[in-house]
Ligand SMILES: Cc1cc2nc3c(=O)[nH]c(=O)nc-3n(C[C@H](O)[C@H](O)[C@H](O)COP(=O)(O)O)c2cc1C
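Before any questions on how it binds or moves, here is one chain, the form predicted alone, in structure tokens.
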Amino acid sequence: MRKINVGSRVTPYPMPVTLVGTLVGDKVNFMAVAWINRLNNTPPIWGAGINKNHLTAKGILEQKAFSINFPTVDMIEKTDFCGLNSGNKVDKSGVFDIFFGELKNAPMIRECPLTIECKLHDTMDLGTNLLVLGEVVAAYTENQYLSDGKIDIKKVNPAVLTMPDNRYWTVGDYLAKAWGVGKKLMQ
């Protein structure tokens, strides 16, 4: 089979749909972000690519804190609304029920099944985007989203995004146990 070059702007797998929360001054703002992932175990650090011109980048730099909120598929319209509208033009503070955790400057969304509050660990200028690295201070959920004391992806029912087709999807079926299924080949 002959391989073909499909260019450099590929995203071969769905990304998590999140809402990054910040305060800009005393104004709550949320931005839809899919360029986000856990990057380190100890300390627990998440990284997100945020356009430097967005109000969210300003809030993160100003407050040295932010939140990562994982909406359910039922919240996709409100999530997309936050991605479509700039906090410079639209007040998004009333879209969700907001709460604060240990940090008093990282607004979180009560309706989200999982929320993570982060203190800013570091940033890196990537050109158009700022890579923000946040050290997790605390993560919040409810019993209804747990199985055996751990987050249950089916109960959380998160949305994922594919690019460049810009489509939202739901999570599929369980496939296999990580760090286990490949052991068959080790014999």
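Please read these numbers as outputs of a predicted model, since none were measured by experiment. Residue numbers run from 1 along the displayed sequence.
There is also a form predicted in complex with this ligand; it is not shown, and the following applies to it.
Every residue of the trio Met31, Leu55 and Gly83 has some heavy atom no more than 4.5 Å from this ligand in the predicted complex. With this ligand left out of view, the stretch that reaches within 4.5 Å of it through heavy atoms in the predicted complex is, among 44 to 52, 64 to 72, 131 to 139, 147 to 155, 44 to 52.
Interface membership of Trp169, defined by any non-hydrogen atom within 4.5 Å of this ligand in the predicted complex, is ruled out.
Proximity of Ala159 to this ligand in the predicted complex: non-hydrogen atoms within 4.5 Å are absent; the residue sits far from the partner. The closest non-hydrogen atom of Pro113 lies beyond 4.5 Å of this ligand in the predicted complex.
Contact residues in stretch 99 to 123 (any heavy atom within 4.5 Å of this ligand, taken in the predicted complex) are absent; none meets the cut-off.
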